[in-house]
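Encoded as structure tokens, the following chain is the form predicted on its own, with no partner shown.
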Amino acid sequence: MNILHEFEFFKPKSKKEALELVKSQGSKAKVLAGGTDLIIQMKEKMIKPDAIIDISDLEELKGIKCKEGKGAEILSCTKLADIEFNADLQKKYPALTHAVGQLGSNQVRVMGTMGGNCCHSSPAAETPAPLSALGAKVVIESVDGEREMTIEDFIQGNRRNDLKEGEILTKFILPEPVKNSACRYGHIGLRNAMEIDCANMAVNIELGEDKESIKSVKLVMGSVAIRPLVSQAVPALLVGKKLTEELVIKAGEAAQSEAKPISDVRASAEYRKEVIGALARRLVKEAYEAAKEA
């Protein structure tokens, strides 16, 4: 039966109190932000923490700041639904809000948080790929201070990240999109229903002043490696060139050559390789065309 085991429950009233609790409880405690992943793991007996520290209602960890020319800050306990429907984020970071809108069900997005989605560190998570493509950083805090790192460095493997004892992920920092650039996100599932992605991808392209030659590319793949996979081959192929149909095909092949998928109940490794090629071809074209209009 899916009955939770006994554990201590803490409900801190401030970020300071939460950080003190995380330090004092150490590895025996888990932090609850939305609970949409954590509670399932506990019900299925995958983990049995001795304590839960609930930070879901801390106003100090909620909110979105999005200013023209200054990027954006998203606090870690901001609900996914608030991110999905934020007009400023939709305008400036459509790849991120689109990705968030594909995560789970409406009920999940009303409860879940982006901080929780990234800390869960599933290879198939929807938000890390667009965050990485956009150049986002996470802010990690403890009673001793804070540190920053990129999202691709933060997530280290399947349900593994760089959080150390006594630390909480408190904020995401997104840089202002550069001139003549656009980012696009896509995913593939086996059916049109709520499910975990077979593969996902985000592509961010910046064009030169002529709005035709590619100045930079960041292509990030999800669910085909143990962590967000940042392509090296695709930028090497595309930077300095104008996009052609031949280059689009080669970009798909380049992304496929880097993907390291596994076979599981959702898809075979071979299928995921095919999907990655299709996503790369589509998203490179979409990002390129959008950048020309930016």
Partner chain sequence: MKKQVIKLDINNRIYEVLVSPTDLLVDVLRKQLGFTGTKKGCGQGDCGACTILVDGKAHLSCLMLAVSSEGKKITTIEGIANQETGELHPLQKSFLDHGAVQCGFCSPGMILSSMALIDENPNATEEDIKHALEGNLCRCTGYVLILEAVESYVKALSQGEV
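Positions refer to the first chain, counted from 1. Note that the coordinates shown come from a computational prediction; the quantities given were computed from them, not determined experimentally.
Missing here is the form predicted together with the partner chain; even so, the following discussion is about that form.
Partner contact region in the model of the complex: 78-86, out of 205-213, 78-86, 171-179, 149-157, criterion any non-hydrogen atom within 4.5 Å of the partner chain. At a distance threshold of 4.5 angstroms between non-hydrogen atoms, T36 is in contact with the partner chain in the model of the complex. When contacts are judged by a 4.5 Å heavy atom cut-off, K43 counts as touching the partner chain in the model of the complex. Among residues of the shown chain, V110 is one whose heavy atoms approach the partner chain to within 4.5 Å in the model of the complex.
Within 4.5 Å of any heavy atom of the partner chain in the model of the complex lies no heavy atom of E258. Among the residues L32, L238, L61, A254, the one placing a heavy atom within 4.5 Å of the partner chain in the model of the complex is L32. Of all the residues from 252-288, none has a non-hydrogen atom no more than 4.5 Å from the partner chain in the model of the complex.
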